[in-house]
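First comes one chain, alone, set out as structure tokens in the form predicted alone.
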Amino acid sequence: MAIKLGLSRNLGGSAFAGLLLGLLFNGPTQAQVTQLGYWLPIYHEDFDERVPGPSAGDYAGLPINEALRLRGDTWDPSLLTVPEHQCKPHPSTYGFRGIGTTRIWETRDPETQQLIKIETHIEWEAQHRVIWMDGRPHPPASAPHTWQGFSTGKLEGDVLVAYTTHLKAGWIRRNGLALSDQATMTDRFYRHGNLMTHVYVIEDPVYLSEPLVRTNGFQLVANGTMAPYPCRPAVEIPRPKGEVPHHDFGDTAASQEFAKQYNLPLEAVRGGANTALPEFMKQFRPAAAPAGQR
């Protein structure tokens, strides 16, 4: 009571209220996470690659090096029928590019209300990712690697930014173009009303000659739900024990077939950072005929 009377004696009612509001609202603040909810992928970008799946031998537009090009040549689509490969989830370097509803939610400290983590769950193969928002460091290099990796995040305004390390060897395209376990990823989530744009940058010193940048679109689902995704491997094609579908190094038959099907130069189909540039295709355009011969 003495403290209350003392404050009242020195401050008017409106001044005291202003002081109290200042203490409440001028303390540390934290940006609001706007990406929470259920989201459906929008397949207006790269539909053929993301839904029915890419063609074998199509490496166009990707900054791959010779090592990955050779590894891609060894891939055979029948590998996906091997029981050990049937229930593998997409790694976080590809999961948001796949299919299925995505749920995003947050966890806060019940007393301080400080943001601890943001979690994502993609329905396809039950891909569950944790993005730590409490400032903890990444684990040492010797820590286990997982499909989703270890992610830390921050909010830049209302943009969620995440950085991921400790990934298992994964892939950037579902036709044998792999990633090593040294790959890292930085992704950003931008919300625009009921739409969200996911931008991710992958770096891999083993298989990429420069960072790979991709974008994916999502639409908010009101009152969204999500079902479980049980997966039980089965023998689809009987094979001798230990046999793994594959091609030999340097087998470019798939790339040649894809190039012929779409009337593309083989050099473009074989990929590389330069194949993503508009200038690349100019060298394959036929020269214009002289004016007198048109």
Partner chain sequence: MHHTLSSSIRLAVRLSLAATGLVLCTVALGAQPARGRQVQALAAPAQPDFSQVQVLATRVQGNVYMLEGAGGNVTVQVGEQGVLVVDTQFAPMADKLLAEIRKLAGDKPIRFVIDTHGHPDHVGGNERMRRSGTAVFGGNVRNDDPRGEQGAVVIAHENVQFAMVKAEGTPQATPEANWPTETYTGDQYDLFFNDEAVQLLHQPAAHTDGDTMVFFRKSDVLSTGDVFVTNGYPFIDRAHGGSIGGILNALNRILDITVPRDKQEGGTMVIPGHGRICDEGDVVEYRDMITIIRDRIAAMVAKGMNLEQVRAARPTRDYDGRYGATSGFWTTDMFIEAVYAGVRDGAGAGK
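Positions refer to the first chain, counted from 1. Just so we're on the same page, rigid core means the largest C-alpha set that superposes within 1.5 Å between forms. Because the structure is a prediction, the values reported are computed rather than measured.
What comes next is about the form predicted in complex with its partner chain, which does not appear here.
For its partner chain in the predicted bound form, the listed stretch (216-224, 87-95, 106-114, 189-197) containing residues with heavy atoms inside 4.5 Å is 87-95.
For C231, a non-hydrogen atom is located within 4.5 Å of its partner chain in the predicted bound form, even though that partner is not displayed. Its partner chain in the predicted bound form comes within 4.5 Å of no heavy atom belonging to K154.
Its partner chain is not drawn, but in the predicted bound form it has a heavy atom within 4.5 Å of T146. When contacts are judged by a 4.5 Å heavy atom cut-off, V51 does not count as touching its partner chain in the predicted bound form. The putative spot formed by A67, R71 and G242 is fully lined by its partner chain in the predicted bound form; each residue has a non-hydrogen atom within 4.5 angstroms of it. Of the residues D134, E119, D181, E210, just one reaches its partner chain in the predicted bound form with a heavy atom at 4.5 Å or closer; this is D181. Residue in contact with its partner chain in the predicted bound form (any heavy atom within 4.5 Å), chosen from V130, V159, I99, A169: A169. E66 shows a C-alpha shift below 2 Å between this form and the one not shown [criterion: core-superposed Cα displacement of 2 Å].
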